[in-house]
Every structure is written in structure tokens, then in C-alpha cells.
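Here you get one chain, nothing else, as C-alpha cells; it is the form predicted alone.
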């Protein structure tokens, strides 16, 4: 019975790649005359999914540790707004630090309450999501805040290096660093151990509370970076940034092979899952389907992915 576990996990890990291939082939056949396969459209899919991919990397650590973060979408908007406001008076480098610090502060608050007050992360981040979303609206006055610093826009938005768009470089960098940290370091092993069996992890000497705190801070840092990428690409910070990312990112991570109940995760799978969700949105738009249909289809995908993720033998 035990020997079947790696095989089952491997098969579940292949689902995202098979799904990606099937969706790509479907849209290629259906939309070949509408520009789906054009280099510009495929590049746009990658650029549009860059912030979601960054968020997905952070969420892999959170879910693998057996926690959940529902506040990262609101943290994206708050980080972008803080960065844009600070840039007006202090310059773009200080604005970047302020945006990242804002995201990390959100994660620190979430993590401290979850780790030390021992409250469920679902309820904690659900509550802070509302607080953060309200703060973003209050600070911005429901107005878009323009971002005009050209170096910032080049680094975090529309620039390129050796012909490679900066958003693609950020995606590659975050995915590579995240994968190495998750699979090749003691920290990644501790995250998986805590998600698999927190009591056993505690007995073995792992500081479970510190791990829980750190994964939520990491998620907040990724939200801060995603906010900067949005602000750089759109050249503005808005209180609505990140609102639609909650469902998309959770779907990407779960479809990518990360277990919703902890103990298993994959950064490359999250990348492919994010690209799959971006390709799905792009294809549905080209097919003329409304936003409501897109939401329903994404919700169905999440339902299927959760069902597959949770159908595991008892540990």
C-alpha cells in the first residue's frame, strides 16, 4: 500500500501538464483564425500572468505548511498604493522598499496571529482581507494613483533586458529562487514537515510556530512584489488591483499539484497552473465569453482540482 503513494503523487503531478497541453490544443484548434497562436498573444499571456505567478509561488509555501492566505489579493492593492504614494515625495527606490515592506507587514500580522494566538489562518486572513481592502480604498480615495518614474516602469513593467521583457525575468527569477528554497533547503523541508504532521514536526525539533509565521510573511512579500509589477505594467496603482487574483492563484496552485491540506507542493506546477489559468482567460475572451462565464469555469476547475488534491490515502 505504501509503495503506491509515490506513483499516485506522480500521476497527480502530471495532471497539470496534461491539462495545460489539452487546453492549449483546444484553443489552438478553435481560435487559430483569431490570433491565439500569434507571438504577440502568447507573449501577452505570459506578461499578464506574471503577478499571479509571483503570488502563486508564495501561496505554495503557505498551503504546503497546512495554512491558507486569503488576504494576498487585498495586500497587492495596498502595497501598490503605498509604493505609488511614497514615490511622489521620496523617489522610486524608497517607494519600492515601502511597497515590499507593506506586503511583508501584512504577512507579519497574519502570521503572528496564526502562529502565536493559534487562530485558524482561514478566519484570520479572511478578516484581514476586509481590513486591508478598506484601507486601500481609504488611502486612495477610490482614485487611481499615477506612477511616472521611468526607471521603476522599466524595471517592474514595460522594460526589457537583452530583448526579454522585465516581467518575464521577474517571473523566472521568483520561480527559480522559490523552487530552490522549497526543494533544496532545510527550510523547505521544514515547511513540508509542518504541513504533513505538525505534532511530529514539533517533536523532531522544528519550530512550528516560526515556520507558520514565515510562510505568511513570505506570502505577504510576494503580494508586495506583485503590487509593484502591477503598478509598473499599468503605470498606476488602483485599489482594485489583485481583486480577481484570489480565485485565479488558488486555482493555479491547487491545479499545479500543491495539496490543499498541506504536506505537498510544487513551484514548477504552480507556474504551469498560473500559465494555464492565464491561457484559459485569454482563450475564453477570444471566444467571446463574458466575465461571468469565465468565473464559473474557473470555479469548476478549482472544484475538480480540490477533489483530486484531497483524494489521498490517510497519512
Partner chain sequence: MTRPLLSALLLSLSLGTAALAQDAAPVTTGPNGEPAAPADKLVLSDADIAKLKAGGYTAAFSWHELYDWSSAVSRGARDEFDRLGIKVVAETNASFDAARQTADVETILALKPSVLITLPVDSAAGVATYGKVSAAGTKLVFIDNPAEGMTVGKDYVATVTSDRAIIGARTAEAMAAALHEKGKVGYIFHDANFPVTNQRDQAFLWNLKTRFPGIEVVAKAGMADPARIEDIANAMLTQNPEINGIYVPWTEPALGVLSVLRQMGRQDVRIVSIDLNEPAALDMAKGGSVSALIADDAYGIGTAAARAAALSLLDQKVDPLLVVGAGIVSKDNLVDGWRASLHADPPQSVLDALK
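Quick caveat: nothing in here was measured; it's all calculated off a predicted structure. Between two forms, the rigid core is defined as the largest C-alpha subset superposing within 1.5 Å. Numbering follows the first chain given and starts at 1.
Omitted here: the form predicted in complex with the partner chain. The next part is about that form.
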Problem set entry | Contact of residue 28 with the partner chain in the predicted bound form (heavy atom, 4.5 Å) | no
For this session: Verify the contact flag for residue 239: yes if a non-hydrogen atom of it lies within 4.5 Å of a non-hydrogen atom of the partner chain in the predicted bound form, no if not.
Result: yes
For this session: Give a yes or no for residue 233: in the predicted bound form, does one of its heavy atoms lie within 4.5 Å of a heavy atom belonging to the partner chain?
Result: yes
Exercise. Looking in the predicted bound form, any heavy atom of residue 214 within 4.5 Å of the partner chain?
Worked result: no
Exercise. Which single stretch, out of 253-261, 62-70, 285-293, 266-274, brings residue heavy atoms within 4.5 Å of the partner chain in the predicted bound form?
Worked result: 285-293
Exercise. With the partner chain left out of view, which of 90, 148, 160, 143 would have a heavy atom within 4.5 Å of it in the predicted bound form?
Worked result: 143
Exercise. If you look in the predicted bound form, which residues in 24-63 sit within 4.5 Å of the partner chain (heavy atoms)?
Worked result: 34, 35, 41, 44, 48
For this session: State yes or no: after fitting on the rigid core, is the Cα displacement of residue 290 between the shown form and the other one at least 2 Å?
Result: yes
